[in-house]
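Just one chain follows, in the form predicted alone, and it is written as structure tokens.
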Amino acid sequence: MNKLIIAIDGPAASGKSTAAKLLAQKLGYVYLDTGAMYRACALAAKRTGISMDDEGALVELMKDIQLEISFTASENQIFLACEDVSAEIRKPEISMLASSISRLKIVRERMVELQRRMGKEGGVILDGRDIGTVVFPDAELKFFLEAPVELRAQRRYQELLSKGQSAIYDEVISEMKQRDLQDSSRALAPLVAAEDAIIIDTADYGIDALAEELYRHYTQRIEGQKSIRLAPYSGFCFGVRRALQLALDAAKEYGKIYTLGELIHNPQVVEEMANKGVIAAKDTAALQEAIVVIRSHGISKEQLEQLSAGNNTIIDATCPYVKRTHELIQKANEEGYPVIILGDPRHPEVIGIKSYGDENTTLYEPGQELPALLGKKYCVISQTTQKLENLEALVNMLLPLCNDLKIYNSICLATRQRQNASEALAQESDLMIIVGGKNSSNTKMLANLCRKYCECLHIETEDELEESLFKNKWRIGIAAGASTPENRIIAVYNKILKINGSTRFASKLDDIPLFKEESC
């Protein structure tokens, strides 16, 4: 593979020059300090007594300037008319003049021309303030390094002292703030991060760690392919798979059957099922003497009674985990425990669970205020797709208020496994793609969990994916909700491969690299 052009931009003392040198040494690349070139121009103007406002004189200076750069293993040597000025251009007054002179069109045009000539063959790392936006906008790898101005001033202050130069911290930070303002507000090539730059706050890194972080991004880029991994336990859970199979078997036998509400929270699957004779009905009143499949979420006790009264043939596909919550709440009522149900009060599963309670049953949605308690005795039951942390938080709030607290952890094992695996993958990814119905509670929960660790996109189909989403995203994770079919996961994976230029695609779920379970 051809050697890359690597652009590293950022404000003064953000660490870009030192990191660039270390990375260049590691890669065997040439390091080009473009800022030194502008400093050399400023020094040339100062020596000849040219004002920064005298554009005509500066034009002539740029025509005749004798600027040469010698590349060593660790640094650039800058020569003006054969004189090594590498040390002199680092003085603070030259830094300020460099900021001023770099705002001029003639100076930038001349220096950009030289920089492009030096770097066009690749295998070069350039640092500056407009490398990724102006000099090499098509650079294969771009970084923008930043840090708080106080930290950058302290770095520059220590650097000056280490070189035996006199320095006052207050003056250093004042000059740095002024230069930041000049660089970011100039009309021509202002200091700004390129849209596709990888932004790194160097306050979080030592210099060696920073160089390693740049190298990590380089190795991902040079490999030429993105890492795309699937979280274990993605896709249909046992309850959904069972409900779909029962519905399909019934449709084959009877020709046309009904479900009360959508069988699962996935619009594409519901449409496919409708084409096979499985029709979603909106209410029980419309169902008389029909074949009715109760969906995996379950239904309320009142709806079940209405279906029976309509002389319907009922096929119960309620998920066993959900069915257990119906039994638990009735048992708690019999034992005299008022029940608090943890979950989304709008979700059909929660509506169904509540119907099996009594007048003392209340709902608690995560993040809401705790309902008023009727006494010191309570039972807690959870929606099966809730997050374990939500259950723990509710229990912790209740413990000081109750002297008799019964807790049923009714969160299904598959949900916990899926959530844990997705979170673990998110921590190792630059981008997570969560596949599943936008109205799916457990899929939305996955997206919310993964957003804590990286950028996350919740989609229903591969058609929602665009090339721009994957710029500088080299570690891509995929996770899918309990109502997402395998063919949809495969289609999403193949779309990412296609965007990345691959011509080999997955034909089955096993073809997709799985995030190792031992890592979860």
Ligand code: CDP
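By rigid core we mean the largest C-alpha set that fits within 1.5 Å across both forms. Keep in mind it's a predicted model, so treat the numbers as computed, not measured. Note that residue numbering begins at 1 and tracks the sequence as displayed.
Omitted here: the form predicted together with the named molecule. The next part is about that form.
**Student:** Mind telling me which stretch in 117 to 125, 180 to 188, 282 to 290, 267 to 275 gets its heavy atoms within 4.5 Å of the named molecule in the predicted bound form?
**Tutor:** Selected stretch: 180 to 188.
**Student:** State the residue from 36, 61, 476, 454 whose non-hydrogen atoms include one within 4.5 Å of the named molecule in the predicted bound form.
**Tutor:** By the 4.5 Å criterion, the partner-contacting residue is 36.
**Student:** Could you tell me which one of 429, 440, 259, 99 places a heavy atom within 4.5 Å of the named molecule in the predicted bound form?
**Tutor:** The residue from 429, 440, 259, 99 that makes the contact is 99.
**Student:** Is there a heavy atom of residue 129 no more than 4.5 Å from a heavy atom of the named molecule in the predicted bound form?
**Tutor:** Residue-level check for residue 129: yes, a contact with the named molecule.
**Student:** Do residue 13 and the named molecule share at least one heavy atom pair within 4.5 Å in the predicted bound form?
**Tutor:** Yes, contact at 4.5 Å.
**Student:** Would residue 90 show up as a contact with the named molecule in the predicted bound form if we use heavy atoms at 4.5 Å?
**Tutor:** Within the cut-off, so yes.
**Student:** In the predicted bound form, does residue 444 have a heavy atom within 4.5 Å of the named molecule?
**Tutor:** Result no; residue 444 lies far from the named molecule in the predicted bound form.
**Student:** Which residues, if any, of 41 to 66 lie within 4.5 Å of the named molecule in the predicted bound form when only heavy atoms count?
**Tutor:** Nothing in the stretch sits within 4.5 Å of the partner.
**Student:** With a threshold of 2 Å on the C-alpha, tell me if residue 185 counts as moved between this form and the one not shown once the core is superposed.
**Tutor:** Comparing forms between this form and the one not shown, the residue 185 CA shifts at least 2 Å.
**Student:** For residue 36, does the CA position differ by 2 Å or more between this form and the one not shown when the superposition is done on the rigid core?
**Tutor:** Yes; residue 36 is a residue whose C-alpha shifts (by 2 Å or more) between this form and the one not shown when the cores are overlaid.
**Student:** When the rigid core is used for the superposition, does residue 92 move between this form and the one not shown (threshold: C-alpha shift of 2 Å or more)?
**Tutor:** The answer is yes; the displacement is at least 2 Å.
**Student:** Do residue 12 and residue 471 have their C-alpha atoms closer or farther apart in the predicted bound form than here, with the shift being 3 angstroms or more?
**Tutor:** Relative to this form, farther apart in the predicted bound form.
**Student:** Quick one: in the predicted bound form, is the Cα gap between residue 428 and residue 145 smaller or bigger than here? Answer closer or farther; it shifts by 3 Å or more.
**Tutor:** Residues converge in the predicted bound form, at least 3 Å closer.
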